[in-house]
Structures are given as structure tokens and as C-alpha cells.
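Presented below, as C-alpha cells, is a lone chain in the form predicted alone.
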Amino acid sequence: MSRTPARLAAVAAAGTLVAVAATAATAGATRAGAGPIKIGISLSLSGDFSDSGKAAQRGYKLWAKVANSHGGVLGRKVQLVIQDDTSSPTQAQTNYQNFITKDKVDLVFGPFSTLLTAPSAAVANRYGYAFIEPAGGGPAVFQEKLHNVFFTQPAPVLQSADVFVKFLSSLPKSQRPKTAAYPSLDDPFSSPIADQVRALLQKKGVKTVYKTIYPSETTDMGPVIQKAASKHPDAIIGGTQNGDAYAQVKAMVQQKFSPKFVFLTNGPNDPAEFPSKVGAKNVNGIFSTGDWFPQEKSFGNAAFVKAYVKAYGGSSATIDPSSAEAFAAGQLVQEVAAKTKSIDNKTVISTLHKGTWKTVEGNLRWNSIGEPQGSDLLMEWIGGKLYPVYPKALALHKPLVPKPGWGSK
């Protein structure tokens, strides 16, 4: 469901999260002797996606801790069975196969990234398992049309950056970019988003002056950015994951190439890591999209933020959205259990396909293949902090346009 003002007026009391946990526990107290509910989760704790994989792990573990402190789910303690997939799709598939056939887990939750989610969802589907997943929303996940998939973000990845196009269109004509370059990673999450933005902007008269898709093993972004810079684009729109996003920014800084707009699909939306990776003085004016922010008044969010900071330290501003996405997966299981008094996979699948479900990620609903039916927010770094800046009704700060020079406040 879209992040509307009505949605932001929804329940946000700190006790909400506790209430859900208590309700789910009470609903099945008679099953307390059935042993723990085992949930298998493959995560990238090493390799290319390890930063985000570890953030998702924190969210999953926090949900289990909160649920167990209030009696578990259906009167049973939650036990997470987590295995490292080393950011490898093949290893992720093997992990889910083992969770289901050897560990005999009750449920599985998804890994990080479209690259790992797509093949893993197919394994779960083969065995009739629900696949609630926090971080795989690219076209590759949905093209298989699996009925067991539920993506815990408000919008499918392909449409996640549409909000950036709408924002640019809202600007006075004199402030809009006239040309754009699109350096993108060879990745099923990243490049399709940049391609979608390019198609939309071209229809609005923004000329494409450079486009490339670089291999996943590319570490030196200097040559790529140099080619883009030579075309003098008003905007750089990169289909990125974390590492290459950091490298793109650092290359632009080194080459003193400062376009009016910089939008990167992933990387800038990590409030904890981005400033340290590119330099705190180089973040301002950079856009990305976001599915969650700590101040939003979604179901249980205030309690989630409080519990996260207590468990892991830092502040609300340093919470990676991947943690909220993973936490939302657990919330959905609790709500299904409270409603049906069951966590049977067939019941979970059929129940989640009906109605709208409240989570820290907002009110979620899906079509038959697990694509969420809402929209993301446009986020921008301003004054060293990451803010939602569009749509205007949900913004916490006025957008900064054009991007200031590197090193500017």
C-alpha cells in the first residue's frame, strides 16, 4: 500500500510490537509443548552482500528476541537456523534445500538480494514452503510467477525509482536535467531499475548521453566514470549495489566531476555505512530510494526502533533498512498465527494473499506472484543525514537541488 498521510497516521505506539507478540503467543498457548518453531534463513554473512546480509540478520534476530520475550509464536519459542551463503546463489539454494529436507524447519525466510532470492524461492516453492523475503524485489524474482513469494517492501524493485522521475517532473523546467548517463552493475536488481528510469526520462525529453553495464567484479570505477563525465551529463543515474555505489562516488570525487543530480539505486540508502565509505562531506545531495525510515508511524515501528537501539547501540539514524525489512517478515508470521492459530505453510500462503497486513514497512499487500502494490520514497542526503524528501506530503526535509559540490555542506 502506498505511503499516504492516512498510513502515516496509523498505529505507532511503542507498545504495539509487544501487543502483537503477546497476541500471537496467547493464540496458541496449547501448543507450548510442541517444541520450538524452527525458521531456516540463508544470509550473506561474507562476500559481496555481507554488509546488507548482516543488517538483515540483526533484524531477524531482533524479531525472534522480541517474540520469544513474550512467549514466542503460538506458545512456541522461535529458533532461527541461519547459514552463510557467502553471497553465492548456488550456496543459497543448497542452504534452503538442507533447511527443508535435513533440518526439517517449520518455515523459511528469504536471503538478501534478487540474485539469491530468485533461485531460493524456487526451492521453497518446490516443497510447498511460504517464502517471506525482505530484499529480493527484482524482475527475476517475479518472472517465475511463484504463488509462495511475499516481498516485505512497499514496491517491486523495478518501480522503486519511479518516484525519482516523478520528483524531477515536479521541478521547474529550468531545474530539470536535460541529459543523463547510466552506469550500471550487471545485476538483476540494479540495472533493471536504471533501465526503467532511463525509459521514463527519455519519454520526458531527457537525452541519454552514456550507458554501460559493467561486470560484477569491477572494482575500479575510474574508467567508467571518466567516460560518463566526458559526456557532461546533468545527471548520473547508477544501477548499483553497495560496493560499486561507493566506488562510483569516490571516482566522481577524485575526478572532480560533480553533476547536478546523482541517483544510485543502492548504497546511499545505507545510513550507517555510506558516509564512512565515501566521506561524510561527499554525501550531500545524493539521492536514492527508501522503503523505510525510522520516524515513520507504521505498525510497531516506534517499538522496533527503540528495541534495535537497545540491542545494537547507535541511534535511529544508523539503522539499516534491511533490518526493518527482515523484522517485517517476522511480524507477518505473528499476524497470520494470531489470525489462523496456525503456521502451516499452506495456511500462511493462502492467508497472506488476502487483505492488507500491517508491518514496520507499512501496510503491505501483494498480487498473486508476491509483488507488493505500493510505492517507495525518495531519499536524499542533506546536512550529513538521510531524509525522505518526496512525495511532499511525507517529506521530512525540503529537497536539495542541484547537488552541491563535493565536500560542501
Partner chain sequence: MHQVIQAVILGLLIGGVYALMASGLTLVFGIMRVINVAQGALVILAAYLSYALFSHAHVDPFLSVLIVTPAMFVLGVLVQIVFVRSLRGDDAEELSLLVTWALALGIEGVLSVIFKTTYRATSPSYADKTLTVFGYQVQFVRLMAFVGSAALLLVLSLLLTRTKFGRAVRATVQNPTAATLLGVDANRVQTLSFGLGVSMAAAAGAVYGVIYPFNPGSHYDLISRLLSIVVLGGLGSLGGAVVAALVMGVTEAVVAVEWQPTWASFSYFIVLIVVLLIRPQGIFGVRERAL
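What you see is a predicted model; the values in this text were computed from it and never measured. Between two forms, the rigid core is the largest collection of C-alphas that superpose within 1.5 Å. Positions refer to the first chain, counted from 1.
We do not show the form predicted together with its partner chain, though everything after this point is about it.
Stretch-level contact check against its partner chain in the predicted complex with heavy atoms at 4.5 Å: of 154-162, 86-94, 205-213, 308-316, the positive one is 205-213.
Residue-level contacts in the predicted complex: of Q79, S230, S170, Q295, one residue has a heavy atom within 4.5 Å of its partner chain, and it is S230. Residue-level contacts in the predicted complex: of E144, D195, D103, E273, one residue has a heavy atom within 4.5 Å of its partner chain, and it is E273. Remark: G290 does not count among the residues lining its partner chain in the predicted complex, judged by a heavy atom distance of 4.5 Å or less. In the predicted complex, none of the heavy atoms of K339 sits within 4.5 Å of a heavy atom of its partner chain. In the predicted complex, its partner chain lies within 4.5 Å of some heavy atom of V253. Contact between A302 and its partner chain in the predicted complex is not found at the 4.5 Å heavy atom cutoff. In sequence order, G222, P223, V224, Q226, K227, S230 are the residues of 222-237 having a heavy atom within 4.5 Å of its partner chain in the predicted complex; the partner itself is omitted from this view. Comparing the forms between the shown form and the other one on their rigid core, the Cα displacement of S276 reaches 2 Å or more.
Once the rigid core is overlaid between the shown form and the other one, K211 counts among the residues whose Cα shifts by 2 Å or more.
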